[in-house]
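Consider the single chain below, provided in structure tokens and representing the form predicted on its own.
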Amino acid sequence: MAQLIVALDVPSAERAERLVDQLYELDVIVKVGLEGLFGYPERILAYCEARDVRVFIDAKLHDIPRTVAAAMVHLVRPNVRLVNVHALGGLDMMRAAVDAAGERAGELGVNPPHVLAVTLLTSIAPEDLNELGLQGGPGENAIRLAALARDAGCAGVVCSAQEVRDLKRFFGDHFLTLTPGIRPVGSAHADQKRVTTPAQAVAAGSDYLVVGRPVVDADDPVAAVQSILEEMSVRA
């Protein structure tokens, strides 16, 4: 069954903690991304750990293998379930991340987080690929990068829900797909370009759906999450 991840992309630790408290009983995973990791990392990670809230660390690590491995060591915690790296960092970098996550989890006596590889950001439109020097469409590039991630030992990829069906067909249902760019019916797309609704993402086979602004900017975040969970239960 697909799981909902709520992005704590907010400017202050106080607001992030308030969202954790509000959503605590809904059993969602929370995403700590670059805003939190650069702004208030230890505070929000320790807070989630104390509340036993599952965390996806959206670090998008992309550097030489040794640096990525060193960073991964500091991200593995008992309640961290998912961490991501950029597939464009290459096979050796992704393998170093997976190995470091496993070794650190062993030292802590916890289950290692799933390491997922970012294929193409959902803010990138098909027409943007030529500017990046990438040949083919989003689907072709996602499959090519996903194959590299699989060979590196990653548990799956971060991709648009529009690519999930093909990825599952190529790599099997066990290969995880985490899909940002999820917008409930009637929500603004903002800077996301390859978007889908919660129902469409679930129908495609997404394992994790990430929603941020439609929840954190809502007057009632709890009601917003409940509405999304209801939408996820209805297959498109």
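Every value quoted in this text rests on a predicted model; they were computed, and no experiment measured them. Don't overthink the numbering: it's just position in the shown sequence, from 1.
From this point on, the text means the form predicted together with ligand C5P, which you will not see here.
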For a quick test of understanding: in the model of the complex, does each of R15, L82 and P221 have a heavy atom within 4.5 Å of ligand C5P? no
Heavy atoms, 4.5 Å, ligand C5P in the model of the complex: which of 69 to 77, 143 to 151, 98 to 106, 116 to 124 makes the cut? Say which one. 116 to 124
Using 4.5 Å between non-hydrogen atoms, is P180 touching ligand C5P in the model of the complex? yes
Are any of the heavy atoms in V210 no more than 4.5 Å from a heavy atom of ligand C5P in the model of the complex? yes
Check K60 for me: does it contact ligand C5P in the model of the complex (non-hydrogen atoms, 4.5 angstroms)? yes
Close approach of A7 to ligand C5P in the model of the complex, 4.5 Å, heavy atom: yes
Just to make sure I understand: among 26 to 44, which residues lie within 4.5 Å of ligand C5P in the model of the complex, judging by heavy atoms? K31
